[in-house]
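This document opens with one chain alone, in structure tokens, the form predicted on its own.
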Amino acid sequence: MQELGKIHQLIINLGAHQAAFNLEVMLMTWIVMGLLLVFGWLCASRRTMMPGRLQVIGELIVGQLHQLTEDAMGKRLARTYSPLICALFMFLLISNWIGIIPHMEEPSKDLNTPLSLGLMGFAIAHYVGIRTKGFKAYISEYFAPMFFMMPLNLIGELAKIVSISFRLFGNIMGGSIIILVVSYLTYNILLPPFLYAFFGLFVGAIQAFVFTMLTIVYIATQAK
């Protein structure tokens, strides 16, 4: 239980301010990106007419996510944004699953990771909205149906970042805490394997998919 709440930080003094970096999250994030690069290289380097298991898995993931993106955004935007959506889903999936490995921690259980991804999706969605509708039409939507609704519409847009980020953070962090507490109480013998299977594999996959689908919906909504 001693590791609960423990954070390994690198603190850099910047004059009157300090910059704190979570070393564990940074390391785990680079490991996740390394695993994805290796997986992508293995899938792409051995392409054949009779695909092997890795190629089938890779093509299935890319194909399904591209189809979901195309259904929501249309063919034109899907060609641009489906690679981003695929990379986002794979990153979140491995980030949520890596905690199953002993001595590994999920980058997504640190709020900075889902919050930064939520901000990325928010920025891309509104960029798409401005390009698709034009700046004047985009801004006018914040004053609909009456001009005094602008603050509420603005808060509603910002609330999307909080909603999508805290949902992922809360589920992954909550699962980690439950596994840690139950493991301590049962001396790591009884329930932990089942909890790892549920919170690590099932909930991790569901939350990665939900986060990705909400990002697709936000971008598609702004494009209309």
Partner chain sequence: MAIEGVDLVKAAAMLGAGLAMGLGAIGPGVGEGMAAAKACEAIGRNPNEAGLLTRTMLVGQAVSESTGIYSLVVALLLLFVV
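Residue numbers count along the first chain shown, from 1. Only a predicted model underlies this, so the values are computations on that prediction, with no experimental measurement involved.
Missing here is the form predicted together with its partner chain; even so, the following discussion is about that form.
- The putative spot formed by Met149, Leu152 and Val217 is fully lined by its partner chain in the predicted complex; each residue has a non-hydrogen atom within 4.5 angstroms of it.
- By the criterion of a heavy atom within 4.5 Å, Gly156 is counted among the residues contacting its partner chain in the predicted complex.
- If you take 102-135 and check each residue for a heavy atom within 4.5 Å of its partner chain in the predicted complex, you get nothing at all.
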